[in-house]
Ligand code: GDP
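This document starts with one chain, in the form predicted alone, laid out as structure tokens.
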């Protein structure tokens, strides 16, 4: 009797368990079907979504939409000799701006490219410096102190700038204040002869500040508009050189101090400029040999890091190959 009751109870439990299992399986299948139906929208709904996207005038970009583009941009900046820190700063700023505004759906790529250019131009913006206007409005003689490492092209730049100023009606006199480097005075004298410019020089080893002082007095007595002072450029970290340049600065009290650096110096250009700026407070830059540099990104880093203007760039070997700096031209090379 007990065994029969136990058997009936076991059969009931088994049937109940099977019923519960079937109910769960059915519910699971129904849920699965519901999910599939949601994923696979009806054809007309799919079309409606696409049509809505096509006719939408503006869209919001997501980070995933621009991540590859930003990666490529950062690579382009680094390959163009832009400092790693500066390249990352530029890309972060561009990312922030693109994600914060609506983009025209029809021509998103052009819009993004223009935004990149605008952002780079804004981050490179510095105080404007018009050398020609400065000379016109200053008491004569106007004194320019040229600074920078050896080999960057200071001597040639002095010649080019003299040629340019002559076109604007300004006369110049030169001070051979690099009394350290062998043949520096002869090199300057050769350019002076070609341009018919008076050169004030002493012997090698003489006091550079004294040479500059004599050039200023000569300019005053001869009513010459501009004094250009060449200086030594041995290692920028050389303490003796820095003290020598500081002395010239104190004696001359130049109207402007221009750092001359070569475009393809890369990261070294920024480091060199920082050393000179720390010691003498540079006013502006002239970048040489831009014609030999594929991109010119080091110029971009220089402006961003030191916040000083680039006023001219050297584009070749002739005296006429000096032109006003255009930030957009550098950006176009990179973009």
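Keep in mind that this is a model prediction, so the values were computed, not measured. Numbering follows the first chain given and starts at 1.
Just so it is clear, the following notes concern the form predicted together with the named molecule, a form of the same protein that is not shown.
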Using the partner position in the predicted bound form, report whether residue 257 sits within 4.5 Å of the named molecule, counting heavy atoms only. no
Under a 4.5 Å heavy atom criterion, is residue 247 part of the interface with the named molecule in the predicted bound form? no
Answer for residue 181 alone: is it within 4.5 Å of the named molecule in the predicted bound form, judged on heavy atom distances? yes
4.5 angstroms heavy atom contact with the named molecule in the predicted bound form for residue 149: yes
Choose one stretch from 193-201, 129-137, 153-161, 69-77: the one whose residues place a heavy atom within 4.5 angstroms of the named molecule in the predicted bound form. 153-161
Counting only heavy atoms and a 4.5 Å cut-off, does the named molecule in the predicted bound form sit next to every one of 187, 289 and 314? yes
